[in-house]
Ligand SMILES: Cc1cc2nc3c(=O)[nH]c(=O)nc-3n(C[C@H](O)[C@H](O)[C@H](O)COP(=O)(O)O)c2cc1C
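Next up: a single chain in structure tokens, the form predicted on its own.
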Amino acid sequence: MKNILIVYYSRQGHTARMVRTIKAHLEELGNQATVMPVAEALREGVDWDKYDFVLCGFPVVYGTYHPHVFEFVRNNCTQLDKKPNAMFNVTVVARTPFKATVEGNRYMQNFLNRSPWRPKDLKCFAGKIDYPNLNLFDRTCIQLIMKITHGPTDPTVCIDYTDWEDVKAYARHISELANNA
């Protein structure tokens, strides 16, 4: 089986949980998987020769990706392009079927417009709204966005829109891509 690197960013832990789920399923399928936060990859670098496949996972926060995401991609575009690779994003707008597609997800489209890297496989996942664990500023901003997009605004709710069976299926898909590369 293959040695798969998963580089990710997580602001509040939801993307990290998704990455841990993917890693566990990749390993159940006989692969080796290494998880590396994007900040660590920037600080310490990546030994690209160790990996057969690279998966990147990034949340969308306030309509964009963290600056470290773009820095990582700029600094490592050549190495990423040399490996079989994939990328997924996590955003609450993907709670609707069309916006859960690469074509319908404007944040994925914006990434592709801004990025020199062209991932070979793309996926969009719905994220999570966790109002009780947001600070006042973030809660207020998210409520405003949800009001505009007809989403939930109750500050006491936590709604996980992620289809965890789809996350597991995606791990199987990544394993197949890696093993067929």
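All values derive from a computational prediction rather than experimental measurement. All residue numbers are counted from 1 along the displayed sequence.
Below, we refer to the form predicted in complex with the ligand, which is not included among the displayed structures.
*Asks:* Going by heavy atoms within 4.5 Å, which of 66-74, 120-128, 37-45, 24-32 lines up against the ligand in the model of the complex?
*Replies:* So the stretch in question is 120-128.
*Asks:* Heavy atoms within 4.5 Å of the ligand in the model of the complex: does Asp138 have any?
*Replies:* Yes, Asp138 lies within 4.5 Å of the ligand in the model of the complex.
*Asks:* Given that the partner is absent here, does Leu134 sit within 4.5 Å of the ligand in the model of the complex, heavy atoms only?
*Replies:* Looking in the model of the complex, residue contacts with the ligand include Leu134, since a heavy atom lies within 4.5 Å.
*Asks:* Please run the contact check for Met87 against the ligand in the model of the complex: heavy atoms, 4.5 angstroms, yes or no?
*Replies:* Outside the cut-off, so no.
*Asks:* Can you tell me if Leu112 lies within 4.5 angstroms of the ligand in the model of the complex, counting non-hydrogen atoms only?
*Replies:* Heavy-atom contact with the ligand at 4.5 Å: absent for Leu112.
*Asks:* Is any part of 54-70 within 4.5 angstroms of the ligand in the model of the complex by a non-hydrogen atom, and which residues would that be?
*Replies:* If the 4.5 Å heavy-atom criterion is applied to the ligand in the model of the complex, 54-70 yields Pro59, Val60, Val61, Tyr62, Gly63.
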